[in-house]
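Take a look at this single chain, the form predicted on its own, given in structure tokens.
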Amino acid sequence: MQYILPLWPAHAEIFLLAMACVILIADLFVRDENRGITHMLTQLTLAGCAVITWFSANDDPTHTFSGMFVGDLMADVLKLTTYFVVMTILVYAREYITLRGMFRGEFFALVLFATLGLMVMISANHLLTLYLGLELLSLSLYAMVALQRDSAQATEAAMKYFVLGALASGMLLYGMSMVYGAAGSLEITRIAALIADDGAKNVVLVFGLVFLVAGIGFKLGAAPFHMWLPDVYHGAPTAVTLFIGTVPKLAAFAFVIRLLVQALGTEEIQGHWQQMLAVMAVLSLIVGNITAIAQTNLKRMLAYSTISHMGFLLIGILAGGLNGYASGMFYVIVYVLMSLGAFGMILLLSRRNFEAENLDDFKGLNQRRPWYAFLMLLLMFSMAGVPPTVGFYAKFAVLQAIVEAGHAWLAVIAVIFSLIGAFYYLRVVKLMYFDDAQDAAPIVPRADVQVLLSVNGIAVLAFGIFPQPLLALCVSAIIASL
């Protein structure tokens, strides 16, 4: 391991922070009718971060800031995915936030600061760095949820999110303090070695693990720490729900790898958190899939769907080893791609004073716009795990990893509840193709939205037919980071 003084592993973060401040100040001098300039600057900032990350990518982990920050292939892949997803979110959401008075510099600044928090979490090599990145992300999200000030529903969702988020952050911080008390270090790459040398304090570690896993479960939205997720998804403006439901999961995966696998991955400690993850995975599959069946609001249905998907992600982490962690990384990227398209379809059908968030709003979509009905069909099939979409291959990779790890019973439970969950996904398809349309309003999206949404939907099919390149990239990233 080499600690270096140059800051090039963090150049993208430094650039993003500087541009976020510039955009926040420059927006004060931009008139409302020229607000597209702020939108364009935000997109150029994310594109610049992508260029910096691409050209500074390195297979060998490189540490800076006295070992508190690491640049490795896993971080590079997750960051590049984050840039692409956030840029796509800003395209999908432009019309929506314009019609609702949210097309302001504050929205774009909060998006950039939330993205900065994600990037810091992804590259954290120190417990304090992890926590600072998490808080920067969380505080930005609380404000984004409440940005629509005249909406009582959004304000209520923001308050619930803030109170429960603060509780989860407190549990994480308390757990980290107990890990520090047992190991004597906050640096992730040193904690494992120190724990292995001094096994007498493992009781303190186990108590710390309980708080850490509870905090992680909240941030992932896994049961039984899922109570905030449906209300926040439903109450937040759909553009903000799209952000909350996608990119934070990438950082949460990195959080789990850094904290549980790299810092607390020794054999004697690993068994404790694996048991807790197994319970959370089973509960997530049960609660998510069964409760989603009763939902008539599509955003709430997708919220419970998220809980079940996080169960699959936890199964990948639980499987351990190269196959388990790589399949978990593959799954979270695929999940983000699917959620991006699903919430993008809700934004597509929404218009002024109308939120297309109920299942009935999708009735007869094939009669109105067959192409968009086909894209939604691909997305729903992928979420249900129907071949040849990428969702099937992602679930198959996770199940294969957990069976190889000797937990076939968990694979059986996952398959059973996936079959149950297929009902509410296929119900959306039935409404689009076999019911008569209740809404005759024309669907005329911007050209860039049409192109991106089409690419999003086709990618779900293409990655399902040719999953090997993405899966191989995930394997390489995990090898380089561990």
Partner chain sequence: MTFQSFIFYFLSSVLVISAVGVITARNPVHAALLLVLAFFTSSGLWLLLQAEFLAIALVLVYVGAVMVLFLFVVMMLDINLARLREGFWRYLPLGGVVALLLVVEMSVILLSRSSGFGDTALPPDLPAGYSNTKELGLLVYTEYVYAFEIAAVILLVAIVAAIALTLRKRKQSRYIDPAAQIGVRRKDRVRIVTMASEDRPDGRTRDAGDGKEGRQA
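Positions refer to the first chain, counted from 1. This structure is a prediction, so every number in the text was calculated from the model and none was measured.
Beyond the structure shown, there is the form predicted in complex with the partner chain, which is absent from this document and is the topic of what follows.
Contact with the partner chain in the predicted complex, defined as a heavy atom within 4.5 Å, holds for exactly one of 88, 140, 323, 366, namely 140.
Note on contacts: among 272, 351, 104, 160, the single residue with a heavy atom within 4.5 Å of the partner chain in the predicted complex is 104. Not displayed here, the partner chain is approached by residue 66 to within 4.5 Å at the level of heavy atoms in the predicted complex. Though the partner is left out of this view, residue 129 does reach within 4.5 Å of the partner chain in the predicted complex, counting heavy atoms only.
Contact between residue 150 and the partner chain in the predicted complex is found at the 4.5 Å heavy atom cutoff.
Interface residue remark: residue 146 is counted as part of the site for the partner chain in the predicted complex, having a heavy atom within 4.5 Å. Partner contacts here mean any heavy atom within 4.5 Å of the partner chain in the predicted complex, and among 404-412, 293-301, 207-215, 89-97 they occur only in 207-215. Along 227-266, not one residue places a heavy atom within 4.5 Å of the partner chain in the predicted complex.
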